[in-house]
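Quick heads-up: it's one chain on its own, the form predicted on its own, in structure tokens.
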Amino acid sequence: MKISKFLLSAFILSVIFVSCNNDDEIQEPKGDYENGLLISGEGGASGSVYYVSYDFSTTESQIYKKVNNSELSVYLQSIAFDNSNAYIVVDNQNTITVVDRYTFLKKGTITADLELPRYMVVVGDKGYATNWGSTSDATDDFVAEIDLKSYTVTGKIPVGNGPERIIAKNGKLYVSHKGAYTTNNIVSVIDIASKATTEITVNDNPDELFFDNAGNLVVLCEGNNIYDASWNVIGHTPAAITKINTTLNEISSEMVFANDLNPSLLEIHGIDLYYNLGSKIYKMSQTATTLPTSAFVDTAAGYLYGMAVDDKNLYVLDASFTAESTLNVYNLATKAKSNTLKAPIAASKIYFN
């Protein structure tokens, strides 16, 4: 009987201990906008951000305006993130607005020493933002180095015309150059410590940049329009998906698209790449050496302007520039459209939060 009582007491204590430990592990919600999609729109009168929960049960429009009672203005180009914050880049206003990424409460604004900022990446306590500079001057473009504690630009790294996307890996920055309102065909590699820059020539209008599972830098080169004397489009330079060996800073392989096939979006997820041709989405393995001949999904979008992929879904933005855009969700397993939701005016980017 004494042994039974002892065992019973030990069992009760163990249950209490485990229960207390489990309570300690329960995390409080970080804010209203975690566990969902953030969708940015360039805007009509003002850029905006919408929220969609991952289970699609909760949607909320213009979350920055609702939380802060102010507008971001046009054009909201992109958003960068660190563990706590979101950095909202509005190029026409020469600003990067800092908010808590989960509550969207404004923390500050970076305003000085930016000139048409486009994209940003965070490395430690520094941000690096691409800037077009004056669009009438092809020689004043730069990457701004930003102190994320003081929200000030502490340096500028000169780069070629029209720097666009920027990503970081192993102490280096990788920048695609679409050429602003003209064209370009380079990827810049910047050593963060020394600020030394190397340029790699690729096909025209490189845009999206990703690292694949083998460590290659994958670049979508959209190709460029060819015009006649009256500015009518009469053709395009070749588009390509290019892989760069970042040890040698050399092209290791490329898949060139046929004439007048010019993708504008590229995403990487798991072992696969996804890109568009018009309203159609194509899927291929990261290790593929030839382009697929049939589409994965035809979205029938009027203006396919943004795309993202997670483990279950393909998300595409059908943009309107005068009214709310549309977010269409496709199940990866069935390829069927599973949800249609509202998105901001001129919706262009989808982020996982």
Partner chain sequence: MMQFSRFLFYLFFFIGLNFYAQEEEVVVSLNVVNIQTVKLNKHSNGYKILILSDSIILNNSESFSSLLRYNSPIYIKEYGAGGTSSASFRGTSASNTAVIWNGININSINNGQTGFNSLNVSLFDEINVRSGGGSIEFGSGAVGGTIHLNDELHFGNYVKNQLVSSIGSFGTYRNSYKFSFGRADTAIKVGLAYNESENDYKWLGHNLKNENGAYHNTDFSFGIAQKLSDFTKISFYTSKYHGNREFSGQLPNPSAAKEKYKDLSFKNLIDFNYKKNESSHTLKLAFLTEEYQYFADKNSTNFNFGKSRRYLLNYDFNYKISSNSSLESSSEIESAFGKTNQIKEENRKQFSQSFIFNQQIENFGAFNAKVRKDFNSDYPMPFVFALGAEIKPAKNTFIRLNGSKNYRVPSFNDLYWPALGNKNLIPESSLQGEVGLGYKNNQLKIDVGAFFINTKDKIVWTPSGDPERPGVWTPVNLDDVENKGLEFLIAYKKNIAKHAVNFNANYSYTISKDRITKQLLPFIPKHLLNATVGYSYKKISAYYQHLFNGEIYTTTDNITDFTVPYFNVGNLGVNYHLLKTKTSQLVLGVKINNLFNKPYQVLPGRPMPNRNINLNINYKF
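Numbering follows the first chain given and starts at 1. Remember, it's a predicted structure, so these values are computed and weren't measured experimentally.
There is another form of this protein, the form predicted together with its partner chain, and it is not shown here; the text below is about that form.
Asker: Candidate spot T135, Y227 and I345, all three in 4.5 Å heavy atom range of its partner chain in the predicted complex?
Answerer: Yes, the whole candidate spot contacts its partner chain.
Asker: For the chain shown here without its partner, which stretch in 195-203, 157-165, 171-179, 85-93 has non-hydrogen atoms within 4.5 angstroms of its partner chain in the predicted complex?
Answerer: Checking each option against the 4.5 Å cut-off leaves 85-93.
Asker: Pick from V187, L72, L220, I281: which residue has any heavy atom within 4.5 angstroms of its partner chain in the predicted complex?
Answerer: Contact check passes for L72.
Asker: Between the options T299, N313, S46, T326, which residue brings a heavy atom to within 4.5 Å of its partner chain in the predicted complex?
Answerer: The residue from T299, N313, S46, T326 that makes the contact is S46.
Asker: Is Y303 close enough to its partner chain in the predicted complex to count, meaning some heavy atom within 4.5 Å?
Answerer: The answer is yes: Y303 has a heavy atom within 4.5 Å of its partner chain.
Asker: Can you tell me if F321 lies within 4.5 angstroms of its partner chain in the predicted complex, counting non-hydrogen atoms only?
Answerer: Yes, F321 sits close enough to its partner chain in the predicted complex that at least one of its heavy atoms falls within 4.5 Å.
Asker: So, in the predicted complex, is Q62 in contact with its partner chain at a 4.5 angstroms heavy atom limit?
Answerer: Output for Q62 is yes: heavy atoms within 4.5 Å of its partner chain.
Asker: Just to confirm, E115 within 4.5 Å of its partner chain in the predicted complex by heavy atoms?
Answerer: Contact with its partner chain, yes.
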